[in-house]
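Okay, here we've got a single chain as structure tokens, the form predicted alone, with questions on binding and movement later.
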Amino acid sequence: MRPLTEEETNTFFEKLSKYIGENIKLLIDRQDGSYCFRLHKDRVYYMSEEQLKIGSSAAGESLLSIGSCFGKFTKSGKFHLHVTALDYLAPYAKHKVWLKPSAEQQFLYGHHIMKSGLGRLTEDTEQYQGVIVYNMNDLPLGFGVAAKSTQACRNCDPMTIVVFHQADTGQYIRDEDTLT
């Protein structure tokens, strides 16, 4: 387990800023203590300083995970955000999408969001902007990327894809064996 390099930190924070913008600093400097990000086996973990002290005493080979996994770096150096980061990203989200009850199940099965399933969308959402997906009861279901801007969504066909699926809470069941 080690701190992220400068290049890894830039790649990681670029991905996070698509979803929560400038609120990244609120993840690190919290009122309940100091938190940090650490890399272990190509995965980025979010943990408190206390957890870091406990985890650093264990041998690297025997440590499976510690803290919450935010995602992993691919072999090409790109960062993929995991659904396990949803609970930490949702309170700080800048752009949100609310689904109609009829579209929730399709999203949780891994499908993109069509305009017909869109309940609400925050204003000023740009195309290819990261969005957090909620149901109408404000329960975070997952996240994705806006395929259309807010303005373009108002005038598009009901069968047009408006949000590309990236991760959802249904992955806990679908990918139970491989998700760490």
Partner chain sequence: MAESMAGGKQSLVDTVLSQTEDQQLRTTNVENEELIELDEGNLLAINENKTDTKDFKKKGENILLSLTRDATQALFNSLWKIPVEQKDGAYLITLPEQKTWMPREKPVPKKKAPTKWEEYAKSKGILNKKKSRMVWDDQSQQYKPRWGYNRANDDTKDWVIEVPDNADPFEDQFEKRKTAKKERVAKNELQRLRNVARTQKKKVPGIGLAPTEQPSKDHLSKALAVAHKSTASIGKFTDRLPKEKPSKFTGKKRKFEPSIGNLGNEKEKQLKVLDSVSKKVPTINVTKAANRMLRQDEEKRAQDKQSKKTPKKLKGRKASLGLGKPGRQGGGNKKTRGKRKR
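Since the model is a prediction, treat every value here as computed from it, not as a measurement. Numbering follows the first chain given and starts at 1.
Absent from the display: the form predicted together with the partner chain. The rest refers to it.
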{"query": "In the predicted bound form, the residue from 122, 65, 116, 34 that sits within 4.5 Å of the partner chain by heavy atoms", "finding": "34"}
{"query": "Listed residue that, although the partner chain is not shown, lies within 4.5 Å of it in the predicted bound form (heavy atoms), from 136, 145, 58, 28", "finding": "28"}
{"query": "Candidate site 9, 14 and 154: all three near the partner chain in the predicted bound form by heavy atom within 4.5 Å", "finding": "yes"}
{"query": "4.5 Å heavy atom contact, residue 24 and the partner chain in the predicted bound form", "finding": "yes"}
{"query": "Contact flag, residue 52 vs the partner chain in the predicted bound form, heavy atom cut 4.5 Å", "finding": "yes"}
{"query": "Residue 38: touches the partner chain in the predicted bound form, heavy atom cutoff 4.5 angstroms", "finding": "yes"}
{"query": "Residue 5, heavy atom within 4.5 angstroms of the partner chain in the predicted bound form", "finding": "yes"}
